[in-house]
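Below: one protein chain in two forms, given as structure tokens, structure 1 then structure 2.
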Structure 1
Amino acid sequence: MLTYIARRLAVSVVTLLGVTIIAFGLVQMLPGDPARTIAGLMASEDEVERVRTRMGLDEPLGTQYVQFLGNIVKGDLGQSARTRRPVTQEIGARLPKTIELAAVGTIVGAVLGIIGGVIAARFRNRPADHAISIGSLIGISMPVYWLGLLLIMVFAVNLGWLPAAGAGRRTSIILPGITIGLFTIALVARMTRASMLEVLEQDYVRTAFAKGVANRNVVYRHALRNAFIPVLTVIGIQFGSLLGGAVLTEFVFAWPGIGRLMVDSIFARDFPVVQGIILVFALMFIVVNLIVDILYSYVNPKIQY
């Protein structure tokens, strides 16, 4: 296991190196002069040149990338062009809210999705299966921003039960959590159903049913455990995606996470913050995937690395 983790970490370093190249290149390809944007439209040419020199934008691209990479190794992601605060502080202040939102959405989606998938597989081709399949299709197809606006209109504006935006109250996370959790429910339910149907056709499951073992024990203790590997993969990937992909949800609900920070930084052309968020997204996704791979061996002891 330690050898496998070391090998995965080495591959992760290479992956992060590729992400740094992409993040640096994308920012360089954005239209406009970042020095002029940071200095202000009314700034003089001398002020713009001072900003360009301070940020190292007057150096060749190769030199800029080497300096960018060296700062990352030292844990320095630069300084925000808007607030003049370190990028690590800007991201650190917003990251807990994004993790909280992604965790709520993943937990709700995983629990309800697994239950729905098991019921659909157990009652295959019956009304319950058809209803869950149709609901899953709707959940996967529904745009996140449209669902978020719909929930705000119903539960915040019309009924007044929940806050429409922000994170000032404990109940503020309910609407955005449901919004990003619905897609997870649909995805996990479909994967659980497909995996369970395959396992339920195995001989040992049929034998357990024939011996008179309680249906609940056969389904949850035997079938679900052996069908859980692909489901765990989907849950892990979805959690990593929510950490970096809850941008629309955070924007619609004014949730103070790094997704909304990224949108604001793109509009303000705050390139150091954009680059830092891209790197943090990539790092979190890599860590989540590594944890999921390690959990495989605990879910199924037959898996050896």
Structure 2
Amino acid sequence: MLTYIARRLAVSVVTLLGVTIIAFGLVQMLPGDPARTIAGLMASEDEVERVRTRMGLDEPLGTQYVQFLGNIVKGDLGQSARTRRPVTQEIGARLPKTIELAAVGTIVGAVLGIIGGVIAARFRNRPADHAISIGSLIGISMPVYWLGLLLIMVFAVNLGWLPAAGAGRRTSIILPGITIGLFTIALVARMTRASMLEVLEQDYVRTAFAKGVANRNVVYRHALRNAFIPVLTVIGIQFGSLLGGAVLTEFVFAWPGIGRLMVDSIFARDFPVVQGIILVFALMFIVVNLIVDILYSYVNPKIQY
């Protein structure tokens, strides 16, 4: 078990190193003077020079990367070109909001998605299954930004029940939560249905029936846990994706998370922040995946370490 975790951890570290290379390379790829890019459009010549020497931008690329890596390890992601505040501070201030939204989306999506998928599988090819299948198709095909706008039109503009934007009120999370949750519900429901149907065809399900176990118990006691194993992975990956993929939803609802910060920073050409956000997203995704993999090995007794 421990060696499994260690091996898994090693892979994660390698992946993370790769991500730092990408984040580093991204700024190198920018046209023009990197010092000017990092200092920001509004910076004075003096400031640009200071950035150049502080970040060692006149040194060879290898040296620069090592220094970049060293700074990351020290928790220094540089300074925002816009606000002059440390990038870690900018990100840190908004991260909880992003996690909140992703968590709401994942929990809503997982619970409703699993219920929907199980119902669809139990009543395969019956009206309930068809309805859920159509619903899931709509859910995975719906552009989140359009869904967000539609929800705003109906619930904020026309009915006036819920706030259209921001995170100021207790009810603010409802519309972005639904927006982000719908896709997850659809995804998880599809996955659960497919997984359940596959499990229900297995020989051990037939064994359970042959023993005289009731239909309902076969579904819940024998099939669900087996079917849940692949679903768990999807849910985990989905949570990881929502942490970074909520960019569009955050933008539509002016939700003060890091997705929104990323878009704003791109427009402001605030590259230290963009770079920092990429690193943080990747780190979160990798950590979530690591946790899912370890959980997975607990759920599935077949995995041997």
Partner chain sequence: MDSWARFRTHKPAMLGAAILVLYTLLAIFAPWVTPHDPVQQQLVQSLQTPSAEFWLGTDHLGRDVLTRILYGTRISLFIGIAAVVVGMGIGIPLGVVSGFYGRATDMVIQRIADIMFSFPSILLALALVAVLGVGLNNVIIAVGVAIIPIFIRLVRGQVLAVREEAYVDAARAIGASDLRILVRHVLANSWAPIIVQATISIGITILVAAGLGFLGLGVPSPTPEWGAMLGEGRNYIYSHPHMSTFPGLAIFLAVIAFNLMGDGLRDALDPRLRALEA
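A quick note: this is a predicted structure, and the numbers were derived from the prediction, not measured. Numbering runs along the sequence of structure 1, starting at 1. Superpose the two forms; the largest set of C-alphas matching within 1.5 Å is the rigid core.
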> For this pair of chain forms, which number matches the form predicted alone?
Replying inline: 1
> Is there a C-alpha shift of 2 Å or more at residue 161 between structure 1 and structure 2 once the rigid core is superposed?
Replying inline: no
> Would you say residue 264 moves between structure 1 and structure 2, meaning its CA shifts by 2 Å or more once the core is fitted?
Replying inline: no
> Once the two forms are fit on the core, has residue 88 moved its CA by at least 2 Å between structure 1 and structure 2?
Replying inline: no
> What is the Cα shift of residue 64 between structure 1 and structure 2 once the core is superposed, in angstrom?
Replying inline: 3.0
